[in-house]
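As a starting point, one isolated chain is supplied in structure tokens, in the form predicted on its own.
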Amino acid sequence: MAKQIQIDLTPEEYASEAAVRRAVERALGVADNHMDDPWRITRRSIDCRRRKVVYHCTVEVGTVEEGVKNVGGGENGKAEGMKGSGVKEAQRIVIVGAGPAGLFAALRALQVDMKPIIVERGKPVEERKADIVGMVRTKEVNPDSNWCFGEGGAGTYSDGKLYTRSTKRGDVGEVLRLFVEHGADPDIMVDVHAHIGTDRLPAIIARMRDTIVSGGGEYHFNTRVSDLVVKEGRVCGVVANDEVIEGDAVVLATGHSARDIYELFARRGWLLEAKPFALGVRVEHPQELINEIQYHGRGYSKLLPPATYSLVTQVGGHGVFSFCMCPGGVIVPAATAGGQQVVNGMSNAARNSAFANSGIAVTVNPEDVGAEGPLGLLEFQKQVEARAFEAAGGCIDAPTQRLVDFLERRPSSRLNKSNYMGHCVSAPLHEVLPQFVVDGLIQAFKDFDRKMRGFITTDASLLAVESRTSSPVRIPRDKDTLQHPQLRGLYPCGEGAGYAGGIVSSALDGIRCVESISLQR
């Protein structure tokens, strides 16, 4: 019978299998080299809160089950556990959006003998990449194919972080297993703060598509939903590209940037709610500096991964926090239409760039900006993105300011080197951003520097604007059935509906929506 134990290891010990084995034997009270049972590390995290950096590890000793296989889609492109082609005549679920919520809704639909029909405004992930490269080169945004829209959603190009606190809403392990079955590194099952990497996610997303199609599902790319088909208060399909796509239920998983869907609801008089969101900047540091701060010097730099951080404080009733921290990462232009400037961060699996970046955002409530109605905060978000666009000279160059200059509320006469995928232009962000956001950021940066000595440095830069941390609108749903209160058969889902905040929580929400549909058959 397997037994679980907890051990702490220095980076040097963790790098040596023999040293790990000795630590396990000590924890069990077994003499060196006298342990016959198999063992494996099932969970690990790095603790750098004290001067001595350690790995906290959970080790399973005894009957060790075989790890999840990386099958890369399995035979004929199907992942293990997925249905075959028997769902072709089954109940049809229209899934609007091919991001994490939509993809995992489709995978779950196959498991419960439903036919998923994915409707995606953007392109397959292979074609989407060309539009992203073109966007950086031409500085023009394709409103249907960009860093946010297209197969895989925004999560495909955001490092692939898999950490979530949403354990009460579903089986996180099942989500991770499905990623591994489609090609992700099995280490994501072990790391507390797991990530996949932007360079690896596209192939994984493509394998998921193969699984869905081979299992009897359908994809409709380059297909933008413009309306819902409603009969006697029940949604029974969508209107997309002037054609009707029918379904027995509709999962609305459009992501946090599909503003046209919110505007559709407002025009139709369907229930919407304003939802607090957060607004700020991307802060960029040399990764070596973050390593030195977090790992207390250079001694462990070659034995530990690029260091991360997570920071939070309160300023004048507003939460200010780090968001989507990308060690060894790059900053990308994430606007979804012309006249906007938005930034986001991502990193490859190796996290091997010379820079670290993180969103630093201030919470925004309706009363902070005098926003009225369900779209009030959305309009505020648009206005800030438009100001950032103007500050960049009317393009998707990044308005940039050195952190030390921002703190003194003065323009930067020179800029630091940056890993932004585009051009940086000097801009007075202390004038571009709303003043309550500026005040909150200034106080927060000072607090963060007390927690991480050296955070404030002449080598740090701020790029604007980090505005898509979450949706400023919520599409309400019944807490039990997950259906919209006015529209039976419609299941608002994921980040776009206001019920998730990342890849894993979005995937879990997609699974929950399909399970709710299945229970009501």
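Everything quoted here is computed from the prediction, not taken from an experiment. Note that residue numbering begins at 1 and tracks the sequence as displayed.
Not on display, but discussed next: the form predicted in complex with a small molecule.
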property: Location of the small molecule contact in the model of the complex, chosen stretch of 216-224, 286-294, 432-440, 174-182 [non-hydrogen atom, 4.5 Å]; result: 216-224
property: Residue contact check: A101 to the small molecule in the model of the complex, 4.5 Å heavy atom; result: yes
property: In the model of the complex, Y157 touching the small molecule (heavy atom, 4.5 Å); result: yes
property: is_contact(C324, the small molecule) in the model of the complex, heavy atom dist at most 4.5 Å; result: yes
property: Non-hydrogen atom contact Q341 with the small molecule in the model of the complex at 4.5 angstroms; result: no
property: Among the candidates A391, A444, V364, V332, the residue which, in the model of the complex, approaches the small molecule to within 4.5 Å (heavy atoms); result: V332
